[in-house]
Structures are given as C-alpha cells and as structure tokens.
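Given next, in structure tokens, is a single chain: the form predicted alone.
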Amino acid sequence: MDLSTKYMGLNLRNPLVISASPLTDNIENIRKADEYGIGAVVLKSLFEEQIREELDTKLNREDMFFWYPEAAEHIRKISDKESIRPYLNLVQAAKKETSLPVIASINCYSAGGWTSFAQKIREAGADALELNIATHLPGEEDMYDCGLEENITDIVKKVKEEVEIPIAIKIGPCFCNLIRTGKKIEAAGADALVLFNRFYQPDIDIDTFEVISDQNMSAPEEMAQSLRWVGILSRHVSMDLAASTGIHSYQGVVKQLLAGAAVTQICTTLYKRGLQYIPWMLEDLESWMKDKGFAAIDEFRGRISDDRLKSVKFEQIQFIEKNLHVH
C-alpha cells in the first residue's frame, strides 16, 4: 500500500504526525519515532510568553537599564538568542539524525518582535512552522467581536514576511464563524490549518478549593468535533487540514482522511501505548486499505466531503432527523 501523502508541500511517508508535546522535546524520542515509521514530528512548542517573562524579569532586576536603555536593548537581543538556543539545537539534531520532516512550533499570542524567532528556526533547518495561536479565548471582555481573527491574521502576515517555509496555524474551536476564520487565515498566507488545539479541562478540588486540571489526555469521543469541521472546511478552503485531538487508532485516522484531512496528529495514544504503537497503526491502516481495494491514500482522501449528499450531514442538526423517526 502507498501510504505517502503531502502536507504543506512536504513529502511524508504516511499521514501520522506526532503533535507538539513532551514526546517531541528530546532527540531520543524523535529518533525512535523515526525508526517506528512516523510520517513527521511537530516539536514541543517554544512559548513566546515564557521567553518574554524571563527576559522582563531579568531586565527589571537591573536598575542600570533605566539609565541606559540602549544596554537594555542589547541585553534583550542577546537573551532572545540564548533563550531559544536549546530549541534551535533540537531542530538541528532532528534534521541531522533522522529522515523526518521536522515541524517547529511556537505558542504565540502577538505579532510583536518575537517573529524573528521564526527566521532563526528556519535557519536551523526546520521544514515548516506550526503557530499555536490559542492562548486568548474569545470570551475575554477586552477583545471585541472577531478581534481574535485579526490577531491571528496579523501574526500570519508578520511571520510570512520573515520566513519562506510553510506555516500551519493551530487554533481552538471557539470562533463565531469557523468557515470565515479559515478563509481569512488562508488569505493571510497560511499553508495549513490544524483542528483543534485542546485546552486543559478545568475542575475544582472541593477539599482545597483549588482549580485543577482533571483531564490532561484526550479520549476517542473528543474526535467528533475536529472530524465535523475537517469535513466542513475541506470544501471551503484549499489549504491543507491537519486533524488533531482524540485520534487513538487507525479507525480515527481513516475517518479524518475520508473527511478530507491531509494528516492526522496523534499524542495521547502514544503516551498510553508507547511509540511502538506507531507501526501497529500503520499496519492496521494498510490492512483496511487492502480490504477496501485502495492502493494509495489519495484514492479515498476526502471521499466523504466530495460527496455532497454525505458531507451535508456534517452540517445538519442530527437530532431533528432522529426525532422525526421517534414520532
């Protein structure tokens, strides 16, 4: 079976991609994932806010910078470079020691000076860049309607000015109109859209009165949301779609590909079963393709979204149809 696919113009040997996580923050895991046959890796995110907070704290401790602002700017540039050096080393090692497409990741919230990081990441050898722009929830009172969309498009345009490598945008599901959002992101220059970023789920410890995160890993039933929107958006945008969250087996991979995804990002299932589960997923995917008479991924990718009579069900309010049968 031909499992190869293209994502943002990159050639992948299969549609399995490890999403940005602690699984991809060290070269040992990345090498193992390559040996087990993964299609590509997204490195653990470099956080803009963390770098900025560390730098601001350092500058605030030095009173001399108040009198010598040019010194503060010099220190800022040096600190920026040193802060991301370990990340650049990881990018370089991944490219040198594996045959994988390496996608760097930045968790960002502004279109500020941090975009120079993107250029350094490109120079280190990254094949593409994934921008996780999900730190602001649309429920914040100081953000006007559709302000999040404008923030995202500003970031995309700014990064596109800095680098020529492909850019994927990873977003959450909280938008007033995801079709419009997707089109705006594509128009700004993005090469792919990742659906969706998974927020930590809040809970409350009733003994300590603390807000905690009670569910750090995804469950298979959480895939329904991204599956629905992959199916809908695949008919409205031409950029690649990457499906994320809740993909725990080859069945999830198949469903997302049928809906129109270019690749599927996996994480929790590898935490639970280990990186050695990768070849099992690939073998099961091949077996399904052989059973259905498909010789290549492209023979069935988007088959559901291309069929208007089937794809319309992604948009229907299903309970209406069920209630008709009940009555």
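The first residue of the shown sequence is 1; numbering continues from there. Given the structure is predicted, the values throughout are model-derived calculations rather than measurements.
The form predicted in complex with a small molecule exists for this protein as well; it is not shown, and the discussion that follows is about that form.
Each of 45, 267 and 271 comes within 4.5 Å of the small molecule in the predicted complex, counting any heavy atom. Contact with the small molecule in the predicted complex, defined as a heavy atom within 4.5 Å, holds for exactly one of 217, 206, 224, 176, namely 217.
Among heavy atoms of residue 115, none comes within 4.5 Å of the small molecule in the predicted complex.
In the predicted complex, no heavy atom of residue 255 sits within 4.5 Å of the small molecule. For the chain shown alone, residue 120 is not a contact residue for the small molecule in the predicted complex, no non-hydrogen atom being within 4.5 angstroms.
In the predicted complex, none of the heavy atoms of residue 305 sits within 4.5 Å of a heavy atom of the small molecule. Only one of 180-188, 244-252, 155-163, 229-237 lies within 4.5 Å of the small molecule in the predicted complex by heavy atoms, and it is 244-252.
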